[in-house]
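A lone chain, given as structure tokens: the form predicted alone.
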């Protein structure tokens, strides 16, 4: 009797969970031993974390239980933290035992990238996961509550600095634009006392987006009181705020009660402890999503680096691409088990939509069609619901979907 292949999937983010859900479809109940390892017993929608961090969505609404979307007959779920990956010995060490494999899928997600900026890792907050998002929300509320009760007002408490004008930074600013007036009303804080400032080292907002859409986004956010300081890199973070560089020899220290860093991500550092070649823990995968030199290791999601040859730039590490990678990784593992050829992964890009709060957004969809406002916001919610459907079907959409489309 042939040995059943052992397939080990690390991480239940978009890429890892998509891989497992599609492995369930590819293999019968007795055809393979499929194990999913994740440090939490839930998946969280990382593209929704900015809402939880701003306080416009409850943290518990961002997540759902893994057991609700996997087939326990076909998949064994192990709650554990991965500690080391041995690609030569084909094993993975966790805080809950050692696991061996015939085929490995690494989908361990992203980590914040501080680019070596002094103090950033200690004094800036990062929208890294559900717990971090909850902490940011409570931290901001604490600053408002403290200001409202202290006899000698410290207005610096009410300054929020957001580092980064990329996708995450802009979406977080959009939520803050809606949330700040609510906080002011709740804690009796005059709106003019609150300052929300976005600091970006690059010379532009939302690089890669159409300039017309970028101008719309900046205008909408500025109308809500958001300030921008573009082309001014953060050079230091302290307990009191950040120091930014405004010119060759010109610096400005900005005092703030809250600093949120949203200016870059990297892959999981565990990859850098393996012989797999990587850059900032992201692996330039082969066309079939395997790690170069390792025919039994697939990498999906934020840890995978793929070049868009049309523009000679990496594809962005989006949920859309990660989920599609999971589909292809599952098909390619089935092909290897069956002794047939694997297939090239080709992203099917359906466009990009960036939210500016719950009722506004910008988008480049359907091959270049530009959309803004409520229409774009509606599309954003439909994209979010589609992602839920791809993992858990109609039941998950009904349970966690976004239906406040107006």
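This one's a predicted model, so the numbers in the text were calculated from it and none came from an experiment. Positions refer to the first chain, counted from 1.
There is another form of the same protein, the form predicted together with a small molecule; it is not shown, and what comes next is about it.
Undergrad: Quick one: 22, 334 and 340 and the small molecule in the predicted bound form, is every residue within 4.5 Å by at least one heavy atom?
TA: No.
Undergrad: Can you pick out, from 258, 328, 114, 268, the residue that has a heavy atom within 4.5 Å of the small molecule in the predicted bound form?
TA: Contact with the small molecule in the predicted bound form is made by 268 alone.
Undergrad: Which of these stretches, 295-303, 199-207, 249-257, 179-187, has heavy atoms within 4.5 Å of the small molecule in the predicted bound form?
TA: So the stretch in question is 295-303.
Undergrad: Would residue 80 count as a contact of the small molecule in the predicted bound form, using a 4.5 angstroms cut-off between non-hydrogen atoms?
TA: Close contact exists here: in the predicted bound form, residue 80 approaches the small molecule to within 4.5 Å, heavy atoms only.
Undergrad: Check whether residue 143 has any heavy atom within 4.5 Å of a heavy atom of the small molecule in the predicted bound form, and answer yes or no.
TA: Looking in the predicted bound form, residue contacts with the small molecule do not include residue 143, since no heavy atom lies within 4.5 Å.
Undergrad: Under a 4.5 Å heavy atom criterion, is residue 318 part of the interface with the small molecule in the predicted bound form?
TA: The answer is yes: residue 318 has a heavy atom within 4.5 Å of the small molecule.
Undergrad: Taking heavy atoms only, is residue 108 within 4.5 angstroms of the small molecule in the predicted bound form?
TA: Residue-level check for residue 108: yes, a contact with the small molecule.
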